[in-house]
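Just one chain follows, in the form predicted on its own, and it is written as structure tokens.
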């Protein structure tokens, strides 16, 4: 574990979970591709970051008191210009424990969910499934012990009933399976290395396209 990862985990210990901008930074350290993002603590920082990332944007509240951002209206999708960004920043700043906003690029693609937890018998395990509402309705997931190779990640994807959504179902563009399986393998290695420090991870959605797969949302729960 490098010094920055250790710093992020230690700073998150009291809350029990990692703020999303720090979670995405941690994922990047392990070579996992996320959407372009920035943590802005003032309206001016938000405007400067927006110019670098580009509109439209997803804007989310950053607060140790808000774990489930959607439950309190803490996620705004499709922010289209500077004026709307100012208005969203002001509204989100009134939420409890406000520590700024996370600006995310808008991305699209087939949705995959990646997760991990500590199994009492098997240790760190990785969950792979088709994302969106289907994971809740059909429970279409594969569970594997960490770490996985890219080849083992591909086998787990092939075990999913909804795998055709990734292969170009009804004329859709197939996703880049090499990039997706590499991302899964890197994720599983991170899960294995941090097993003594992390209780669970939820990456949902991972947006998969013809060129790459990017993590759009990340939640990391810390072991107490």
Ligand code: ADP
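Positions refer to the first chain, counted from 1. Everything numeric here is computed off the predicted structure, so don't read it as measured data.
Quick note: we don't show the form predicted together with adenosine-5'-diphosphate, though the next part is all about it.
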Mark residue 105 yes when one of its heavy atoms lies within 4.5 Å of a heavy atom of adenosine-5'-diphosphate in the predicted bound form, and no otherwise.
-> yes
adenosine-5'-diphosphate contact at residue 21 in the predicted bound form, heavy atom, 4.5 Å = no
Quick one: is residue 77 in contact with adenosine-5'-diphosphate in the predicted bound form, heavy atoms, 4.5 Å cut-off?
-> yes
Any of the heavy atoms of residue 201 lying within 4.5 Å of adenosine-5'-diphosphate in the predicted bound form?
-> no
Would you mind picking the one in 160, 67, 177, 38 that has a heavy atom within 4.5 Å of adenosine-5'-diphosphate in the predicted bound form?
-> 67
Can you say which of 82 to 90, 67 to 75, 146 to 154, 123 to 131 gets within 4.5 Å of adenosine-5'-diphosphate in the predicted bound form, counting heavy atoms only?
-> 67 to 75
In sequence order, which positions of 187 to 224 have a non-hydrogen atom within 4.5 Å of adenosine-5'-diphosphate in the predicted bound form?
-> 204, 205, 207, 216, 217, 219
